[in-house]
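Given as structure tokens, the chain that follows is alone and in the form predicted on its own.
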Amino acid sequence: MSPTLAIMTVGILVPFIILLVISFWTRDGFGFDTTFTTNNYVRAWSEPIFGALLQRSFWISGVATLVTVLLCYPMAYYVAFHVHRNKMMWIILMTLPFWTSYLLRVFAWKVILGYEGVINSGLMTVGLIDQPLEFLLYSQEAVIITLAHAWAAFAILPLYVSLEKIDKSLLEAATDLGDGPVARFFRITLPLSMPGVIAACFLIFIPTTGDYITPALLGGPDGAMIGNFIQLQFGRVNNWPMGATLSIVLMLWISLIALVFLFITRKAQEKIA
């Protein structure tokens, strides 16, 4: 494990320490004032715009995570329990669209959801609408739809692995004892697949909260997230200390939410058991 730990230390821990140090600096013209100060954290806590962006980011990411898991669970369930041959081929086919560039998929959704995109053109052709739907693009809904599709592969794989490991004899025993398909699912399948559900939630929620590409291209003013503001601080504004501060604050909030989520799911599993 030594080489792996060394790489992780250099690649993750060192940049994090540098980011933490910079967060206690301030911008001084085109340079930095390295005098230790907590003014950036006070500003991040007190200014309403930062709180609003954090709340919006958690909301969009949370909904996208929920939608992704709900859509991917049936696909993973079908492959795990109803496909008996060439399962690997099914997995490859489900994840094949995600082999392309993330940016290309975002642009594809921009074309699909656009004012003259596939959805609006199709609905107008069949006569369901008279004019294009403007809310499809440059909105929170557009960001959620795109994120749910873009990160679907990260939900399918852990869900499939968790469902595949379930002992099928437990389901047979439940059937022999009188459980129907619905009761069998909620009493056995879902609780035993919770590790995959939790892993999928983490793999989607954590990176999407800080995403800035999708909100920048599809979100518009109402769909901007905290990642866009952080990118702005490191880029156009050239206020690296503030960008570092917001990054640290975002990581702390995500860690807190993850711990609360783990606590709630463990308590729920204990009650089910």
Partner chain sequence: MDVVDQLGAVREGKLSRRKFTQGLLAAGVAMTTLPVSARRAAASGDEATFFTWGGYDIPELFKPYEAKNGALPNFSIFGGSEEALTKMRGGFVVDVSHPCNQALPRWVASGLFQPIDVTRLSNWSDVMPELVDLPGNAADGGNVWMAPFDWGQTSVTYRTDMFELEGEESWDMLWDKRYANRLGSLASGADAWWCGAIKAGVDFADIATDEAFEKIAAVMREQRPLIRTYTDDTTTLEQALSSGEMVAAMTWNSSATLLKSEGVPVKFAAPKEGALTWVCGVVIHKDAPNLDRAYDVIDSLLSVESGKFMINDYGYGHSNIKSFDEFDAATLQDLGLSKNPFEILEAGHFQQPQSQDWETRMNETFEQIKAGF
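Nothing here was measured: the structure is a model prediction, and the numbers come from that model. Numbering follows the first chain given and starts at 1.
What follows is about the form predicted in complex with its partner chain, which we do not show.
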Only one of these stretches, 178-186, 194-202, 132-140, 74-82, has heavy atoms within 4.5 Å of its partner chain in the predicted complex; which one is it?
132-140
Suppose contact means a heavy atom within 4.5 Å; in the predicted complex, does that hold for all of 47, 88 and 235 with its partner chain?
yes
Is it the case that residue 58, even though its partner is missing from this view, gets within 4.5 Å of its partner chain in the predicted complex, heavy atoms only?
no
Would you classify residue 110 as touching its partner chain in the predicted complex, given a 4.5 Å non-hydrogen atom cut-off?
yes
Using heavy atoms and a 4.5 Å limit, would one call residue 220 a contact residue for its partner chain in the predicted complex?
yes
Just checking whether residue 30 would be counted as a contact of its partner chain in the predicted complex - the rule being heavy atoms within 4.5 angstroms.
yes
Those residues of 238-265 which, in the predicted complex, come within 4.5 Å of its partner chain by heavy atom
238, 239, 240
